[in-house]
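Before any questions on binding or motion, here is one chain by itself as structure tokens, the form predicted on its own.
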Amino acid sequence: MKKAFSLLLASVLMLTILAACGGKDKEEVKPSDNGNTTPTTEATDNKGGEEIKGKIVFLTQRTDMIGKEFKEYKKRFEEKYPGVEIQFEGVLDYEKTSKVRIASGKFPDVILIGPGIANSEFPKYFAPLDDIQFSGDIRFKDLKAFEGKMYGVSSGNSTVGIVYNKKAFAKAGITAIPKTLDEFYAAAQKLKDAGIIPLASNFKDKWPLDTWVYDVPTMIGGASDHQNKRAETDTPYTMDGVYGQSWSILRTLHEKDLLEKDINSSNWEKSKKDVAQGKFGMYLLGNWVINQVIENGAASEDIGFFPFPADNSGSLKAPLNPDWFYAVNKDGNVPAAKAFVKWMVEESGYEDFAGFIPTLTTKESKLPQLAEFNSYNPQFIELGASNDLATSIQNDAQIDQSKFLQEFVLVKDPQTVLDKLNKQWAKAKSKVAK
């Protein structure tokens, strides 16, 4: 699985849109087409007791749930809404073609959106969701809003820290959780000395590096608006800034041989088994990965979670992020799509399966590792709304920040990477910010 975001929260996350096709019992992972779901009711919103019926399609990045958990979701949802037929379609590469698909106006009834679309664009494509009557308050209600209307509902929420194998720590003689960056390096060295690869970076897969682009800078700077602040300068990437400091930590880990032996051949799926078995000691990822490690053979009590000490201050910080947001095609089967969004948030149990912090504030996570994480009393830093100007500059520049991070880690002189990155940013900024 790809995060959620990791965090949910990748470099300019985008949406790939699939069209509806297939029969009632069909769940597919396949390339997308440009067909659009045809509304089967004249209702345009979920107010006034309109009949909820017809076919809807949900586009998902969770290809691992196709034919399994989603099969159960389909049965349960259709039992509650017998007039509705739901189809789940999974996309193996969810990010790459998203903007093009959304711009075409042809996409399924329920999709997932990230930060790659300016909020001002939402009314062109999506139906407002304010009329969904949730049973309580929801997190990040205003993050995907425009002119007072909500267009996205978080599918789950997460923080980012160190997911670790307790048996590996015990074997290495680590008796206390590191509270500073130097202590973290020392713990990683103990793991290495014990024959355990300290940190699974998944360098080759690239997307797991997004934590170093988004979350570690948030911890270092104590604020989540660093991506927005890039719009204020021609040189947002500096060695002494939050990006340079964050990326330098990963570079140091590589230079000290505290990552995979060959970071250019790392494998995401295999790494989950290796962490479960204690061959790797740690991940720096969101709590969403914990259940995946357990599913790969670890006992729940052997997997822990603590805040990442991004500096030597001794003050622990942690981001609080939404994952992908549910959005509803304004030209699709809106009433049934809204009913599905409400059901996913309130009844599906998806947040427990995915290891998320629930979207409903009245729900508590069932993940014991989150209780451990909270016991360290980190300062949580909640993600704020994206800035349309920064998003527009980013889209024009087509900057793959995680790819630049890969270069930063491997190149002889990392300053040259920052210089190249700033040049690309400044060029786009001069075009967009006129």
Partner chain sequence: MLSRLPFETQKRIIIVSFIALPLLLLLTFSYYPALELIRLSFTNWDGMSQEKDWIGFANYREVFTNPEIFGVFKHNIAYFVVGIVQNIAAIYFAIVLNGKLKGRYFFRLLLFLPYILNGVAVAYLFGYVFDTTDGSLNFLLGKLGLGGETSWLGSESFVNYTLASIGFWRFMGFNMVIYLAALQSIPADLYEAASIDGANNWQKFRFITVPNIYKIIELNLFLTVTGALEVFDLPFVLTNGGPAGASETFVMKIIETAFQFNDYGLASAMSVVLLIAVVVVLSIQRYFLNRGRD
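This one's a predicted model, so the numbers in the text were calculated from it and none came from an experiment. Residue numbers count along the first chain shown, from 1. In this text, rigid core is short for the largest set of C-alphas that superpose within 1.5 Å between two forms.
The following text describes the form predicted in complex with the partner chain, which does not appear among the structures shown.
Interface residue remark: residue 103 is counted as part of the site for the partner chain in the predicted bound form, having a heavy atom within 4.5 Å. Shown alone here, residue 400 lies within 4.5 Å of the partner chain in the predicted bound form, counting heavy atoms only. In the predicted bound form, the partner chain lies within 4.5 Å of some heavy atom of residue 264. Though the partner is left out of this view, residue 117 does reach within 4.5 Å of the partner chain in the predicted bound form, counting heavy atoms only. Think of it this way: in the predicted bound form, the partner chain has a heavy atom of just one of 270, 71, 149, 229 within 4.5 Å, and the residue is 270. In terms of contact with the partner chain in the predicted bound form, the residue from 365, 63, 406, 387 that brings a heavy atom within 4.5 Å is 406.
Contact check at 4.5 Å (heavy atoms) against the partner chain in the predicted bound form: none of 170, 179 and 375 pass. The stretch in contact with the partner chain in the predicted bound form, judged by heavy atoms within 4.5 Å, is 117-125, chosen from 137-145, 218-226, 117-125, 355-363. Interface residues of 183-210, taken as those with a heavy atom within 4.5 Å of the partner chain in the predicted bound form (partner not displayed): 204, 205, 206, in sequence order. In the core-superposed comparison between the shown form and the other one, residue 275 has its Cα shifted by less than 2 Å. Remark: with the core as the superposition reference, the CA shift of residue 113 between the shown form and the other one reaches 2 Å or more.
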